[in-house]
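We begin with a single chain expressed as C-alpha cells, specifically the form predicted on its own.
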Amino acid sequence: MWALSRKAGHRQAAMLGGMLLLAACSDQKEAKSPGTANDAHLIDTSDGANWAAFGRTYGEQHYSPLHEINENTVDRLGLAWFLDLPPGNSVTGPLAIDGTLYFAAGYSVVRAVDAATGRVLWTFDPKAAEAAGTRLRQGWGSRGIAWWNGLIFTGTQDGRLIAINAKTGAEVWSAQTLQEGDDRFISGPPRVFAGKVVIGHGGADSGATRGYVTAYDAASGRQLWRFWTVPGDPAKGFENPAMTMAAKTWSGKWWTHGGGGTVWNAITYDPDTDTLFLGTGNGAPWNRKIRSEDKGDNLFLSSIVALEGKSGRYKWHYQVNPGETWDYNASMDMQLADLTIDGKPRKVLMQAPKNGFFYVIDRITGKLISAQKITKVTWASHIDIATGRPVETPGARFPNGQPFELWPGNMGAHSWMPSAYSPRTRLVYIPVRDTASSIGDAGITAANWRFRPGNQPNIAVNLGVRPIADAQHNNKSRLLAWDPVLQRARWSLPTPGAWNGGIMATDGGLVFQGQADGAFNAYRDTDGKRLWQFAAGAPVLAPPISYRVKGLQYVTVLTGASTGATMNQQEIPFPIDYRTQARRVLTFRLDGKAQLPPSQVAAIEWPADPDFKADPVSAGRGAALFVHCMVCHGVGAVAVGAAPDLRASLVPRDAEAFKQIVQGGGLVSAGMPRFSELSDADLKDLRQYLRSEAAKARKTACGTSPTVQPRQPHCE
C-alpha cells in the first residue's frame, strides 16, 4: 500500500497530463540504459563533477575521481565559505548536483545551497519532530538524502519518504513507509536506482520490530515491492519462498518479538546485474536465547542479502553472524569493486561490519572469498572459508549468564560512518573503533523478559543482555588502510577518542577524514602521512564529499555532534556543548580565503542548588528511568553535545517546567520527546537523580577535586 499527502495529491492531479507524467516516462526509459543522464551521474565510472548519491555512485565507494586537489596542491586548500546551522543533528552526508549543494540537518530539514558561494536557495522542513510521536525517542534525525531526475528524496523520523523538487524545494509526493503504532523510524539515506527509490528503517532495539525494505516509483511515489528481512507469523503465511526458507532457521514463537533485521543504513546497487544489496541489522531482542530458544541461524539477521532490483526477488545471502546475539549487525556500508584475486578478475562486494572482520564476497554468487580481522576479536577465532561460517569462541554466548569480555564491543569495530574504496590504490580506508564491552544475561530468562517491563517508555529498554562498556577500552580508534586482496593492513593511524569521521578517497592521492576533536584532515593515500589539517572548531564525524563547479574542485563536510555517537564522554573526551558547539557546513577549494570566527568553548556553569536534599532511594529510581534519556543526554547524565547537559540546567529544579517539557511535550519541536506515560512520581525521581548528579559534578568541579569536564568551570 502507499499513500500520498493531500498537498501532493492535489498537485499531482493537476499535472497528470503534464510535466510529472513525462518525467516518469523519461525515467523509465533512462532506467534501461546506463548511458542516460541520470545513470551517468550514478555509475562508478562517472566523471566526478557531481556527488549524486550518499556514496557518490551506485557502488558506494565514497571515492572522487577529481584530482585538482592533490598531494602537491593540498597545502593551498582553504575555506571557500561556511554556513552556520541551528541546533540538531548535523552528522549527515550531503549531495552536489550541477552546482547546487543539498543536505538534510536536524530532523530531515533539507536545504539547497549554491555550492560556490554558500547562498541558501531554499529550505524544506517536513516538521518530522512534531509528527514523530514516540518515534522521536530514538533521537537520530537524518544521515543523508538521495537524488534522481530533478528530485531530492528524504526519509523522516515519523516514517515518511518525501520527494522534493530540487529547483524549488516544493514537495512533489510523500509516502508513509511505516505502520501505525510501530516502533520503526527512518534515519538512513534513501537510495535511488533504475527509476525506483528504496528505503528501510530502524527500530529493532525498541520494540517488536520485523524489518523490511520498500521500493517506490521515484516519479510518483507508488509502492512497487516490499521485501521482509525476517519471517513473520507462520499462521499468516509467508510472503515469498525466501521467507519460507528463512523460517526454518528460527525456533519458538519468534514473531511475537518481531525478530529485527532492520535495514537502517547500508544499501548498494549493481546496475550491470540489476542487483540490490541490503545490509541487515541485529535481532529483536538481541539475545537469541529469548528470541529463538537459542536455536538456529535466524535468517536474515546480520546478513548481506541480494535482491533483484526490478522485483525485489531474493537472489542470495551471506550471513556474517549466524544466530546473532551481540548487536553485531551488517548495516555498515558495502563497496563494489572489480579485483584480481589469485590471478582471476572477480566482481566483489566488500564490507567491514561491526563484528571486527573484513569480508570480500563474490557479488554474483554470494560466495565468501576471504575474511580477516581488522581489530581485536574475542568472540570468534576465524572465519571458515569452506563453510563461510565463523568459528566461535567458547563462552562467547555467555552460557549460564556469565559475562564475556567482548571484542569488539557491541558498538562495533566499525559503525555507520562510511569507509571508502580507492580504485587508484585498490585499498579500503576504514574508520575503526578498538573498543570492548562486558556482556552477559545473568538473571534474564525467556520467562521474565519483556520489551517494556512495567511502565517503561519505548526506547532501548530491555535487549535481553547487559552490555557494560569498559571505559579504559572505549576511547581508542584508528584510520586503517586495508588491502582487500591480500587481506592485510597497509597502514594504520591512531585517531582521538573512540569515534572518528566518515571517509572520502580521491584520485588526487588523498584520503579525507574528520575527527571528534574538531580536526579535518587530508592524508596521503599510500602511506597515511597527514598533508593538511583544518581546525573546524567542532567534531567532524560526517562523511565529506567532493565535486566540481565552473571548473573548480570543491570539498564539503558538515560539523557537529549527534546522538548515538556521543553518548559517552569516555568515548569523546572533548569539550562539546549542545548550545555553543559550531554546527556548520564547511566548503573548501584551492586558494579559498574565508575564515571561521574564533572558536570559543564556553565554560560550563555549575549554579548552586541550596534547596537540594539528598534522597538516594529516589535518585536510584530516577537513574533507572534516565536510561531512556541517555541516547541524547549522555551516559550518567554527562552530555557530549547531542543535547543539553541537564546537570547544569535549572529546569530539573522547577517541578512545573520539568513536567511541561518531559510529560507535556513542551519542546517537541526542538527534538525533545514527550513522555506522557511517566507519572508525577516518576518525574520527581528523575529530577532527584539529575539534581544529585549536578551536586556531585559541582562538588568535583568547584571543590578541591579535579574537574570532571575538560574545560574550565564557572562556579558561583
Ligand code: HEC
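Keep in mind the model is a prediction, meaning the values are calculated, not measured. Throughout, we count residues from 1 along the sequence that is shown.
There is another form of the same protein, the form predicted together with the ligand; it is not shown, and what comes next is about it.
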| item | value |
| --- | --- |
| Selected contact from H633, K354, R143, H257, since only one has a non-hydrogen atom within 4.5 angstroms of the ligand in the predicted bound form | H633 |
| Listed residue (I604, I369, A643, A247) with a non-hydrogen atom within 4.5 angstroms of the ligand in the predicted bound form | A643 |
| The ligand in the predicted bound form: contacting segment from 529-537, 624-632, 382-390, 286-294, heavy atom within 4.5 Å | 624-632 |
| Within 4.5 Å of the ligand in the predicted bound form, all of L136, V651 and V662 (non-hydrogen atom) | yes |
| Partner contact for R579 in the predicted bound form: the ligand, 4.5 angstroms, heavy atom | yes |
| Contact flag, L678 vs the ligand in the predicted bound form, heavy atom cut 4.5 Å | yes |
| Contact label in the predicted bound form: A670 to the ligand, heavy atom within 4.5 Å | yes |
| Contact label in the predicted bound form: Y107 to the ligand, heavy atom within 4.5 Å | yes |
